[in-house]
Each structure stands twice: as structure tokens, then as C-alpha cells.
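First comes one chain, alone, set out as C-alpha cells in the form predicted alone.
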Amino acid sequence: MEGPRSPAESEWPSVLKFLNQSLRSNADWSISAEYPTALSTTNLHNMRIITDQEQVISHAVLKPLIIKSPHVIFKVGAIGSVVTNEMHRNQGLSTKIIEDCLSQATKQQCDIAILWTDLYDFYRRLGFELAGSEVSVVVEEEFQAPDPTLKLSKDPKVAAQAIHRLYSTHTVNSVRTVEETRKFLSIPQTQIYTAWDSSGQLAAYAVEGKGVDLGGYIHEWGGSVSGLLTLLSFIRREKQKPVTIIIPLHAKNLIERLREKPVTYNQGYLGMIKILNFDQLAAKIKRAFRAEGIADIVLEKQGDKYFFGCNGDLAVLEGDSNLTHLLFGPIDLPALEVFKPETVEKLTKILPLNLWVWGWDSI
């Protein structure tokens, strides 16, 4: 066996064949069409394979993302398309290939790694923990559109520049180019809904589906709250069945307005997160607190313990999982009753950190 390693460009066709046979055997398209920025020749250096007699038998891909938030700019290593040939399973190959992805992410100075899976125990052994927050809102019934003046459409021919303009107004987003947005718009099984104002400007958009993944889920959206609610009213009426939209917890105005409608509200985790570069991340967090006028923040590591707090009011955290929950949620700081009320008031100015990965960026 050889690897883990990145594939040579000449191996790209065999890698793609392995992925299509392993992960998309029943699809009418290539998996590379679903993940055009991650599974492409331009990202070969971040793809990891193990081969046996020149045959690909295990694979994973790393996609570094720059995620901007109001307080911190994160570098996140998203990991996906993890698969091992069924004849070579239970030999530790997936563990080796994930560890190599984590090594590459660390070398590229990623603050954290993130992935999406239901194999929680397996990834916990590799240091990942369920963390962050994600809200799923199911629009159960039709409701009246708040802005009947908007023109509503499900025509897939939408200018990438218009989508990119609204996407860029999000307070938390991954850095993307217009060309990347154009590639995302061409992903198979993608349905885009749009709302236009009287001057012909895009007022809101919503994206449902992404190849085999995220079918039935609106995972990308942008625009005013009124525009989005009008668009959701249109989508619910068009589909004639409940519609689910995935929302970051910090989108409070949209969540509050939706909860006034006939909806079911469910809060879950963003994904499985592993802190890769504590010192780098801690420095960013301290700068964020200082920008809020809080200069006495403590976030230090000694052995396997973390010391956190401010103004001498400190807590000791055992292990990485507790720290991950504290920084990214869903821990409720006031409910912990660990810190003094005045300390909690300071800490909640920044924590939990606003971290979100939009559906097109998930791999």
C-alpha cells in the first residue's frame, strides 16, 4: 500500500472513478459536479488517497475555507468524501487518511477542522466533537406573504453576480468569488428561488438541494427578512408540502419572524469540530475581546487543562471537547453558573463564536 498522499494529476480520472463508484453509483452525474471547488484538479494537493497496486482504495478531501464573522476571521479545514473500498475496511485506512487531512490542515494554519457525519464515536476518537449551532425551521403550512409587490421566480437562470452580491451581505460567510458562485449554481439537483423588486433588483434568494446531499433543504439564502419570508411563502405554496430552511442561530430577526408563522423549530449542532491550532485561535479570540474593551481575558492551556475567564474569575476546563463546546456552543454560559454575573456579561459579548458554514461550502 502507498499513502496517504495527494494524487498526481494523471491519477485524477481513477480517483474520480473510485469516488463515483463508491459514493454516487446511482447518480446520473459525477460527484465532482456536486463539489466543484473541492473535487477538482485545482484542489488535488488537498486530496488524500491510499493506493494498493495502483488502485485507489481510500480517499478524503480537505477544503480550506476563510470564514468571516463580526469578531473573528477563521481559517477552517472542511473535510469530506471520506470513503474506503469495502474490501479494505477495518484496517485503519480511514483513520490514517483523516489524520493526514488534519496534518495538512494544521500545516496550512487552519484554526479548526469541521466535517459532517453520523459516525460520532469514530470521529470523537480522532478529537472531533459535536459543536456549534444550527436551526432547522420547518414551514408546516402556507402563510401570507409580507411583501406582495415582489416578483417571484424559480427560473434557474440567475446571474451569479446578483447572488454573490446578496450573499456578501451576510455577517458570517465564507470568502467566495463570483466564479465559484457560478459553479455552485450549476450543481445538479439544485433548485433556486428568487424574489425581485420593482426596479429589477434581486431582493432575496433561496437554494434547495445539492446533488444527492441536502435534498429538500434550503441551505443557502440571502436578502431582507421581508423578502425571504415572501419567498418562503411562495416556495411552500409551490411545493404543496412542508419546507425546511437551515439557519444560523445568530440570524435572530429571521428566526423570530419565522416563529410567528406555522412552523416547527429544531435546534441542533453545526457539525463535528476539532481545534487544530489553539494558540492561533486563542490569539484571535483575545483580540476580539480587546476590541470590545475587555483587556483582562484569560484563555491559556497548561497540559490537558484550559484556563478561561477574566478579571480573576476563572474556570478550569478538562480536555478539548469542553473547550470546543465553550467557544462554539451550544453551551449556555449563564446557565453554567460557573462565572460571576459580571463576568458572564463580558464573555457573552463574544461567545459563543459566530461560526457558520453555508450549504454550498459543506463537503
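Note that residue numbering follows the sequence shown and begins at 1. The structure displayed is predicted, hence computed values, not measured ones.
Missing here is the form predicted in complex with a small molecule; even so, the following discussion is about that form.
Region of this chain that lies against the small molecule in the model of the complex, out of 279 to 287, 199 to 207, 114 to 122, 235 to 243 [heavy atom, 4.5 Å]: Partner-contacting stretch among the options: 114 to 122.
Interface residue in the model of the complex among Ala251, Leu93, Leu258, Ile163, criterion: non-hydrogen atom within 4.5 angstroms of the small molecule: It is Leu93 that has a heavy atom within 4.5 Å of the partner.
The unique member of Val172, Val263, Val83, Ile275 whose heavy atoms fall within 4.5 Å of the small molecule in the model of the complex: By the 4.5 Å heavy-atom cutoff, the listed residue in contact is Val83.
Contact label in the model of the complex: Leu16 to the small molecule, heavy atom within 4.5 Å: Result no; Leu16 lies far from the small molecule in the model of the complex.
Close approach of Arg89 to the small molecule in the model of the complex, 4.5 Å, heavy atom: Contact with the small molecule, yes.
The small molecule contact at Val344 in the model of the complex, heavy atom, 4.5 Å: Answer no; every heavy atom of Val344 is more than 4.5 Å from the small molecule in the model of the complex.
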